[in-house]
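Structure 1 and structure 2, given next as C-alpha cells, are two forms of the same protein chain, each shown alone.
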Structure 1
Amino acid sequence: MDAVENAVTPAAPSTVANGTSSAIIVEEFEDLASLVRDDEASVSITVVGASGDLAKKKIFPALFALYYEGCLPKHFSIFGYARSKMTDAELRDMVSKTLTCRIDKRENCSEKMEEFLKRCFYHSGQYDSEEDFKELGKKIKQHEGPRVSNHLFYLSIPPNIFLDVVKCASKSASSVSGWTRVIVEKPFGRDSESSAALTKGLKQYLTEDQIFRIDHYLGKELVENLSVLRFSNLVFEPLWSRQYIRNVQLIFSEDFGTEGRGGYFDSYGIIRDIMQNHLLQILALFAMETPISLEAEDIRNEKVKVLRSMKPLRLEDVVIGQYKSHTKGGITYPGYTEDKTVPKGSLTPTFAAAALFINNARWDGVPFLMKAGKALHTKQAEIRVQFRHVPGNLYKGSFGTDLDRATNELVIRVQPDEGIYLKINNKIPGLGMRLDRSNLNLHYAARYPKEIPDAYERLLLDAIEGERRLFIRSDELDAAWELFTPLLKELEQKRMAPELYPYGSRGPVGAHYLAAKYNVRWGDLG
C-alpha cells in the first residue's frame, strides 16, 4: 500500500511487460521520488464517526491542540465522515464548541481556531459504501496539492462497523503517493474469537504496520512515566518484585454513569470497556521485565511476555456490580437500567474487581488487584504499590497490628491532578520519639505549571509520525483476550447477576471481600 517506498527505488531500466519504454517509467519514478524528497508531504486526517461522542470530546480537541502547538505537518486537512448530514460549516460549528486553548497560550487562540476550522471539512456517507468513500477520496485530493499525500483514518465508530469502513477506505480513499494508516479504537472485538476475526478481516486490506490499535491510557502522562520511574531510578528497580511488594492495585473509577452510551456499553460491559485494555496495559507496563531498548518492538515484546505468563481470570477471583438509583442531597441519580439506551433487565456489569496473578519469578504469588467502575464516589485512576513490612522493625511498637500503617505505599495518581507520592514513616520533630506518616510527593501541577497534553494528542501525533510504541500489537491483543475471554463467557453463560450498588457509592461490598481474601485492603478507600 505504501507506494512511496516502491517509487523511491525505481526499477532498473528495462522494457517492461506492456512495452512502455523503461526510460519513461524511470522518469515518472524520478518525479515521484523528487516529491518524496520534499519534506512538505501533506497529511489528511479523516475522523470516521465524526458526529459521535469520542470525536467531539477527544479527537477534534486533540487535533486542534496539536495544531496550536505547531505539531501538525504544515500541509494538513481534516475530514469528518459519518452518516449524519452536515455541511462543512455545521461541522466547524460543532467542532468549535469543543475546542479550548492551553492555559499558557502564546498567541491569540481564536485566530488559531479560525485557521484550524478552515482546514476542517465534512463528508456524509454510509460506512459500507465504496462510492461514498470514493467521493471522500476526491474531496481529500482537492486539498492535497502537488505533493506526497499521507492519509490517516481514525475509526471513532462502534467496533461492529470497523471492517466495512476499512474495506471502503482502503479501496476508495487510500493514498497513492504516501502512506495510509488506520487508527482502530478499543475494545477490538468482544473476545478472543471476534478479536482474531477482526484482525484477520483488517489484514485483508491493511498490513500490520498500517493498523494503529489505540488504547489512550498508554498516552497518559503518568502511564508513560511508569518506565521512567522504574528504570531510571536506582531506588525503585531493586524493589520491583515479590521480595518487596505484597500487592499492586490498579484502580479506575468514574463518578458518572453511561449517560446515553448504552448502545455501545451494554454489549461490552466494564470488563471489556476498561479492564481488558486500559488497566491490563498498565499492569503489563508496570510488571514487565526491562526491555532491551526503548524501541517499540522491544517494549511490546516484554509486555506480551508478561501477559502470556498470567493465568486466565477465575470466576471466584472476580466480583461484578451494577449501579442502581440513589437519592442524595435531594437529587435522584438513575440506575444503569434506567438509562433509556440500556435494555431493561440488563445484567451488564458497570463495576468489576478482579485478582490477577503473574506466574514468573519476579511476581509469583503477588496479587494484582484491579477494579473499575462507573457511577462511583469519585473520578480517578491510580496505581497503588503496597510494600511488605520491615522485617524485625525496631519501631513496630509504634504501628500496632496495622500493616498498612507499618508499610510503605507508592501511589501513582494517573488522574485527576497527576502526581506520585510515597508514604513513609518519619519522626515527629521534637524532644520525644514519636513516629508519623508523611508523603514524599511529586505533585505535577505544582512542579510543572504547563498544562499536560491529553493522551489523544500524544497518540495522534505518534500515528502521524509512525511511532508505534504506544499502540497495541496484535499478539498483545490476543494475549489480553486470552486472559479475559473464559471469564467473560462464563459470566454470560451463567447469567451472573451483578451486585447492585448505589450510584455515587464506593461500589459493591463484594470487592472488599475479594481483597481481604488476599490480605489486601483497597488503598483508595481512605
Structure 2
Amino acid sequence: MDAVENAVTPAAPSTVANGTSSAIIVEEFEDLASLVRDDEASVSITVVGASGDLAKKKIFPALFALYYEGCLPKHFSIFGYARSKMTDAELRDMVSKTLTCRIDKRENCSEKMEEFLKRCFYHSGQYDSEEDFKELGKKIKQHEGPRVSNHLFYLSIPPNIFLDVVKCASKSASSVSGWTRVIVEKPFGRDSESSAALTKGLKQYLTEDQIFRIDHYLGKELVENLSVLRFSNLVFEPLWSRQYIRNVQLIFSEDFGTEGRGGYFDSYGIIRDIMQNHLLQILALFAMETPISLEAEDIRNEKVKVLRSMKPLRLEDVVIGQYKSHTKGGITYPGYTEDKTVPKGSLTPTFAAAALFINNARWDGVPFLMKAGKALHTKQAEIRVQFRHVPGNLYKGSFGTDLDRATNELVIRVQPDEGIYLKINNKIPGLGMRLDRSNLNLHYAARYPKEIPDAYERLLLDAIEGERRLFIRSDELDAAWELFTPLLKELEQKRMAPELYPYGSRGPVGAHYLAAKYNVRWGDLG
C-alpha cells in the first residue's frame, strides 16, 4: 500500500458502548469528521447506476447525511453515471426529492442541501464503454484540479455488468495519484462457482484491498454493537458458550411481498437474498472467538474460522415456504405467483428456516436457528439468545411444567425500534410468592435521543476511510457459499415444493416442527 493510501486511511471510530454520554458521542463524531478533512486531497465518488432505486433512496441520501454532519472531506465531488440521458440539473432535481433534513432540525438544512447538490454532477454513458468512462475521468479531473485524487466507485447495478464497469473504470477513470476503491453490491453470485468467477474477474482489474463487498446489515447499529456488548461486558462473555446457551435464533421478517418486483427476487429467493449473507454474517460475528485486535483483518479472520467450522447443511434441517393469497380486514393480498413479474408455477421460496451447527469447542451441539421470510405478520430483525434452564430450579413449581417460561433470554432487536433487553424472573411484590417475567430494557430511542445513522452512511464513510472491518473478504464469501451451495442445488434439482402460508401469517407450520425437533421454541411468537 503506498504512502497516499496510508495517509488517508485513519483508524476506524470505536463503537460507542452502552451508557456512554451524548457529549462523548458528539466529541467522537467531531474527531471522526476531522480525520477526513484534508486540504491536499480530494475524493470523487461515482455512483454507477445513479438513476436506479437504490441510488435514489439510499446512496445519495446517505452521502448528504455525511456531508451534513461534516464527515466528508473538504474537497469532494459526486458523479452520477448511468445510460439514461440526463443533465446535471436534472440529476440534482431527482436527488433533491429524496434528501431529508431528518438528522436534526437545524435551520440551515436547506442551505446545506443546496451546497451538497452543487457538488453533484452527471455523466451519461454505456457500462461497457471505455471511451465513455474516459470522458467521465476527464470530468472528474476537472473538478479535482491539481490535488491528490482519490476515486470511489459505487456499483449500484445488476451483477451481470459488474465486470464491464470495473474493467472500463479501472482502465479509464481510476486515480493516478491516490487510491481507487470499488463498492460492490450483493448478490455476489448465485453459488460457489459463479461467486468464484466474479471474484476472479474483479481481481483481473483490482486488488482485494480495493474491493469493498457491501452487506448493509453489517452497518446496522445493533449489529455493530454486538461485539461491544460481548467483549466489553464481563457479565456476558463467560456465558457465551454451549455451557450456558441453549440456542440462538436469527430472525428476519418483512410484512410485505414482492409487490411487482418479483423478477429479481425469483431468480435468487429468500435463502440467497437474506440467509446466505445478512443472517450468516451476523451469525459469524456473534459466534466468533475474541479477535486479537479491532483491526479489520483480525476480525475477519475470526469470522472465517466460524464459517469454516460449520457443519454441512442438511435438507432435513431446512423448511421452505411461499406465501399465498389471503383476505384480511376486507382486503385481499395477492399470493407470490399472482405477481405478474413472477413466472407462473414458480417454486422459489419466499420463506426459509434452517438449523445450523458450529463444530467447535465453544458451540458444539448448540442449534443456531435462522428464519427469514416475506409477507409475514410483522417487520423485524432480531437476534435471540435463549439460555439453559437453571439446574435444580427451586422455583420451577411456580412455572408449572413449562420451564421455557423461566428461561432467561437476551434479545437484540436490530430493527425497527432498536433495543437490547434481557428477560429475567422476579418476584411480584406482595405477601405471596408469585413470580413474573420482566425485561431489563435498553431502548435506544429513549436512551439516545440522537437519531441512529443509516447503515449506508457508516459503510460509505468506512469505504472512504479505507476501513474494511464491515466489508466481506473473498475467503469469507467463499466459505459462506460453500455452506449453502449444496443445499440450494439439492432444492433445485429435486424441485422441492415450498409449503404455502397465508400472506400476513407467521409463516409455514413446518418451521415450528423444525424448532421442536431441537427442543426450541421460536422466541418471536410470544
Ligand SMILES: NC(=O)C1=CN([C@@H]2O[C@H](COP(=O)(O)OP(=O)(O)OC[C@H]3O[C@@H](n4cnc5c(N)ncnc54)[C@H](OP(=O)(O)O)[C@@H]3O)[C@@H](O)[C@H]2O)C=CC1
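Each form is matched to the other, and the largest set of C-alpha atoms that superpose within 1.5 Å is called the rigid core. Each residue is numbered by where it sits in the sequence of structure 1, with counting from 1. The structure presented is a predicted model; accordingly, all values stated were derived computationally and were not measured.
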item	value
Matching structure (the form predicted on its own), either 1 or 2	2
Post core alignment: Asp339 C-alpha displaced by 2 Å or more between structure 1 and structure 2	yes
